[in-house]
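Listed next as structure tokens is one chain, alone, in the form predicted alone.
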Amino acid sequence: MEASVTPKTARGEATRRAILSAAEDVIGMRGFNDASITDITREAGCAQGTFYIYFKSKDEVFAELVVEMGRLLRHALSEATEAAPDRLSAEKEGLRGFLTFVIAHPNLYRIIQEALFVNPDAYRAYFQTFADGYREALAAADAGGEIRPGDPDVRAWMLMGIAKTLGERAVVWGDETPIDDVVEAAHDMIVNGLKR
């Protein structure tokens, strides 16, 4: 996929951001198939022709939203875990940061869910990028004696699966259990497992 146009002016960047924000809202609420470029430009407050200055198609803006979700979420997780003194603390604060982020950005989260069917390559790249970084962090924690030895790749995908499912429970299914309660229960499971 070719990259979308990078604006040369602050005004152009603001317009592009407005289109992305509108696409997030429209596609996130209506779904990819039911969202139209007309809906997106109406929400953005710009002409349809303006959309095509920055994006070639609805598919391209969708793919950009998947990349944007990854970028924003990685930043939020970095901030959430930067003060964690060890890997287990980072797991707890990372899960809290993840749930806080997805609850604040439900439309982006729904777009990621839909990407599995709309743009499987973007979906795979989104999760693979997270898995690669996660695997490295877990391998370093293992090597440093912070966690017991184990396959860092399997662990990365397992931990991502826990977060993804809890995010889905909150955003898609509307569960209103307080984030702190969810984090405590999940962290206990991560640290202690099911063993008595």
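Just so we're clear, the structure is a prediction, and the values are computed from it rather than from any experiment. Numbers for residues come from their place in the sequence shown, where the first is 1.
The discussion below concerns the form predicted in complex with a further copy of the same chain, not included here.
Q: So which of 123-131, 36-44, 49-57, 66-74 is the stretch with heavy atoms within 4.5 Å of a further copy of the same chain in the predicted complex?
A: Selected stretch: 123-131.
Q: Is it true that 162, 166 and 186, all three, sit within 4.5 Å of a further copy of the same chain in the predicted complex, judged by heavy atoms?
A: Contact check passed for all of 162, 166 and 186.
Q: Give a yes or no for residue 172: in the predicted complex, does one of its heavy atoms lie within 4.5 Å of a heavy atom belonging to a further copy of the same chain?
A: Residue 172: contacts a further copy of the same chain in the predicted complex.
Q: Taking a further copy of the same chain as it sits in the predicted complex, is residue 182 near enough to touch it, meaning that at least one heavy atom pair lies within 4.5 angstroms?
A: Output for residue 182 is yes: heavy atoms within 4.5 Å of a further copy of the same chain.
Q: How about residue 92: is it within 4.5 Å of a further copy of the same chain in the predicted complex, going by heavy atoms?
A: Residue 92 lies outside the contact set for a further copy of the same chain.
Q: So in the predicted complex, is a further copy of the same chain close enough to residue 151 to count as touching (4.5 Å, heavy atoms)?
A: It does: once a further copy of the same chain is placed as it appears in the predicted complex, residue 151 has a heavy atom within 4.5 Å of it.
Q: Of 97-131, which residues get within 4.5 Å of a further copy of the same chain in the predicted complex if you count heavy atoms?
A: Heavy-atom contacts within 4.5 Å come from 110, 113, 114, 116, 117, 123, 124, 127, 128.
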